[in-house]
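So this first bit is one chain, no partners, the form predicted on its own, shown in structure tokens.
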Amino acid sequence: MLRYIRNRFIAMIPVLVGMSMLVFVTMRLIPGDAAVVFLGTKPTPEAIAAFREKAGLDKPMYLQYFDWIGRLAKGDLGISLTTGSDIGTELATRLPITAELTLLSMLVAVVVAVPLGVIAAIRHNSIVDLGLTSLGMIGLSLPNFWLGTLLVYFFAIKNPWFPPGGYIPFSEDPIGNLKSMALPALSLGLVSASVIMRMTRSSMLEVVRQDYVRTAQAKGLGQRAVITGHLLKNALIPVITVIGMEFGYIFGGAFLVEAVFYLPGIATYALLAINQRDYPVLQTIVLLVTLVFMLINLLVDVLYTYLDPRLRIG
């Protein structure tokens, strides 16, 4: 197992290098000039040239790439072109906010989706199943930022139960922190719950037809024991795959939700970088999201081996 994990980490290196090249070139293809954005609407040619020289943008593109990737390999994430702040320091401040939002959203998604998926499968072809399946289809069609706007209107403006936006650190006020993260987590979690619920239902329906389930029922085991000990355990493998994918999507796709709720996470940081053509910031964030995706995939593969001994790797 350790050798497998080591080989997976080694395999991540060319993927990250390829992604770094892709994101580096793509950033340069975005319309606009970082110097013009930073200096204003009517900068002088001399001011533009000075800014580009100071930021290293006057060098050939391949030299800019090697300078950036060389510093990155040493752990130096670079300096923001527009604010002059250290990118590593900014990410260290903002990453916990996005990570908390991601974890709370996944908690909402799993707690809502798995029980509803099990109920829909047990009540297959009933009114309950039809209602839950329809609810899942509605959830799939809802953009998370639009759902977030509705939640703000109903639960922050119409009924002031939660704050409409902003962030309160957990260390300052734990209750206030959870209140400030409740609506953003629901916005992301409920949409992901629709995907997970549908997969849970499909996987349960596939497992329920297996011989060992009928054997367990013939032995006189109760419905709860059959569901928890046989059905759910064996149906979890494809569900965990979807949960892992949704975890990555939530982490990388919180841009608009963080903007709606004024959360100072890395997604908001990335949006500011896009508007300001801040290449080093955006390149680093894209690579970070890529790394998170790959680590989640690795974690999912490792979890497989504990859920199904047949998949264990020597």
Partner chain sequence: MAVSAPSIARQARVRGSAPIWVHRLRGNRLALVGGTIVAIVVLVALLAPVLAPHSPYEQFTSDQLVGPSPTYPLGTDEFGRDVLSRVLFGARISIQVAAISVSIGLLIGGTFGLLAAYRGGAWDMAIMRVADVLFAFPSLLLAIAVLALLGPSLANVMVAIGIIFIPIFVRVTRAAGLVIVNEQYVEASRASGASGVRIALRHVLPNTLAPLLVQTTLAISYAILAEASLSFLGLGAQPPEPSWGSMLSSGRGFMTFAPWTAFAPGAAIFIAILGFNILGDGLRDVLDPRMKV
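Numbering follows the first chain given and starts at 1. By rigid core we mean the largest C-alpha set that fits within 1.5 Å across both forms. Keep in mind the model is a prediction, meaning the values are calculated, not measured.
Missing here is the form predicted together with its partner chain; even so, the following discussion is about that form.
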statement: Only hit among 73, 111, 157, 92 for heavy atom within 4.5 Å of its partner chain in the predicted complex is 157
- request: Please state whether every one of the three residues 208, 237 and 239 places a non-hydrogen atom within 4.5 angstroms of its partner chain in the predicted complex.
  value: no
task: Quick one: find which of 140 to 148, 77 to 85, 93 to 101, 173 to 181 has residues within 4.5 Å of its partner chain in the predicted complex by heavy atom distance.
output: 140 to 148
message: How about residue 256 - does it come within 4.5 Å of its partner chain in the predicted complex, if we only consider non-hydrogen atoms?
response: yes
message: Does any part of residue 263 reach within 4.5 Å of its partner chain in the predicted complex? Heavy atoms only, please.
response: no
field: its partner chain contact in the predicted complex: residue 22, any heavy atom under 4.5 Å
entry: yes
- prompt: Could you tell me if residue 106 has a non-hydrogen atom within 4.5 Å of its partner chain in the predicted complex?
  reply: no
task: Quick one: name the residues from 265 to 288 with any non-hydrogen atom within 4.5 angstroms of its partner chain in the predicted complex.
output: 271, 274, 282, 286
message: Once you overlay the rigid core, does the Cα of residue 279 travel 2 Å or further between this form and the one not shown?
response: no
